[in-house]
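Given next, in structure tokens, is a single chain: the form predicted alone.
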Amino acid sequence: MNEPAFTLKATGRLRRRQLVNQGMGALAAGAALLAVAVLAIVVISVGSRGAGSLNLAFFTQNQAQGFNPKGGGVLFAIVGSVVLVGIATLIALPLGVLVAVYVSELAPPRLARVARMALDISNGIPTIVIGIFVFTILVAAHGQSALAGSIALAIIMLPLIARATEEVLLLVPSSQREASLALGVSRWRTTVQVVIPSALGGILTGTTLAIARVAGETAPLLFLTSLGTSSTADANPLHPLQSLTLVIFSYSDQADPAYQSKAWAAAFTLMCFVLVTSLAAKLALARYRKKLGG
């Protein structure tokens, strides 16, 4: 009786599994390439439409008033965006870190789960709803201001910073906490002097991601600081200030092609900022995760 020849070639069910595996891998690769292609098309399309307005004056001068839409740039809008995001970061960063420290270090497990769910829900709230909420609390009584816009952006940033900080704090080795407690150091000093410094790089990285997230927000600012159209430089947070997103919204609605070109240029500038900031933050976060995990 002759025995069948031994072969390593896949047959039958194994062959079908290999084909399905290869097909799904190719499908996933195609989806990834499609996503990258869409991003590249958007960046190239926006950049090509705004290339005519991208020059030094665009970043160092403000929009010329009167009948010269081709002159000037968006300097005051850049200053306004820096003020808005800067104040929002000053509000959201300490609050987000405190929330993360409580959830990861101090809260009972059941309460920690509730807090995480609340943060995730807050992260999913539409930003226009946050804008309306701040409008009813502040703007309806005191008028529009950059401070009101910053508070709305801070509410958007808070869950992002808290969740990113919590993940990094959980990566800090337990041996560091145990060694500090074994030396008689109190729990709060261990957290402040051992845990947080070890995770500082990851906290700053999460904050950078949150900044990139809110830098392109428009909906809340339409309710809170859209009156900032002054032709003079102003960085007072109690006044309505311009921002890049509001400039894009305003200029894109103009009939003059010069204004539309500046809207595309401002959009390209903001897009580049968000892309570079997000990539740098993700690379830094991966580095700190590897460092803390190791």
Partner chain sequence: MEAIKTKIEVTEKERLPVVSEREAVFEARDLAVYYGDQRAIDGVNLDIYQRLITAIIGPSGCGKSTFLRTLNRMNDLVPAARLTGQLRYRGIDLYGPGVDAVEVRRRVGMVFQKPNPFHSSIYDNVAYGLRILGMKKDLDERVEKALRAAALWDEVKDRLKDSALGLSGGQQQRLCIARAIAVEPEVVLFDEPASALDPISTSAIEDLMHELKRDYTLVIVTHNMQQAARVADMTAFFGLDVSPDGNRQGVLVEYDETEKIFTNPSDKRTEGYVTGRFG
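Residue numbers count along the first chain shown, from 1. Please read these numbers as outputs of a predicted model, since none were measured by experiment.
Separately, the form predicted together with the partner chain exists; it is not shown, and the next lines address it.
Checking Gln193, Thr136, Ser122, Thr218 for any heavy atom within 4.5 Å of the partner chain in the model of the complex turns up a single hit: Gln193.
The contact residue chosen from Leu111, Leu222, Leu200, Ala179 relative to the partner chain in the model of the complex is Ala179, the criterion being a non-hydrogen atom within 4.5 angstroms. The partner chain in the model of the complex comes within 4.5 Å of no heavy atom belonging to Pro126. Contact between Arg189 and the partner chain in the model of the complex is found at the 4.5 Å heavy atom cutoff. In the model of the complex, the partner chain stays beyond 4.5 Å of every heavy atom belonging to Ala118. The closest heavy atom approach of Val185 to the partner chain in the model of the complex falls within 4.5 Å.
Of the candidate stretches 94-102, 81-89, 170-178, 127-135, only 170-178 contains residues with a heavy atom within 4.5 Å of the partner chain in the model of the complex.
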